[in-house]
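Consider the single chain below, provided in structure tokens and representing the form predicted alone.
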């Protein structure tokens, strides 16, 4: 898995604070953006995060390039509706040098399961290649491809949706691959907007576990504020 932060709103925390402060300021947003002291920015952000006035967080967005993940992961990722996605197309991209795929560790650690997995992936790869040779369009040949096949996707989320994404996908109960993705994305945005994402993560970071009877039973360590 390779995850890169391609682009983000310049100075996202100042942009968010400007949008929030505009509601109560006699001057325009451009003047606030340029003149608001840094301590005022932090004060406004503190109020936002404490009050739950999270609509202002939607003014900062973050774009990620995500490579080397499975279609099983992206099927979950695109359920986050307040986001934008562009994914490598199996309709137009032909896998002519073998199928790249993701193998779960649980399979790799059991020799018999690993052999079964490799056998079926080899069979699928050979069948897919033969279909292309027979003139079957890639958009039809792809019907035999499994969830394990690697894909690439570009994803954009605003800060508010990212907080929600981290809340549900950093959780120990999230599927392992998307959980790893969430933690990598969180590590990339924290340096860019350290105040907003200071205690981002699974729901138990800021509150009790939201999983009810499905809780993992492992309390998440509280983040110490600097």
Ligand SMILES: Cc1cc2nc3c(=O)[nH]c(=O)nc-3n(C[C@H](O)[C@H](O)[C@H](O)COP(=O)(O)OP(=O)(O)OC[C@H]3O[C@@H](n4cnc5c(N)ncnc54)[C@H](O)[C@@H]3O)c2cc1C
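Positions refer to the first chain, counted from 1. Fair warning: this is a prediction, and the values are worked out from it, not measured in the lab.
Unshown form predicted together with the named molecule; subsequent notes refer to it.
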> in the model of the complex, which of 73-81, 131-139, 98-106, 117-125 comes within 4.5 Å of the named molecule (heavy atoms)?
Replying inline: 73-81
>> To verify the annotation, which of these, 188, 65, 174, 36, has a non-hydrogen atom within 4.5 Å of the named molecule in the model of the complex?
In response: 174
>> Looking at 164, 42, 59, 179 here, can you tell me which has any non-hydrogen atom within 4.5 angstroms of the named molecule in the model of the complex?
In response: 164
> Does any heavy atom of residue 168 come within 4.5 Å of a heavy atom of the named molecule in the model of the complex?
Replying inline: yes
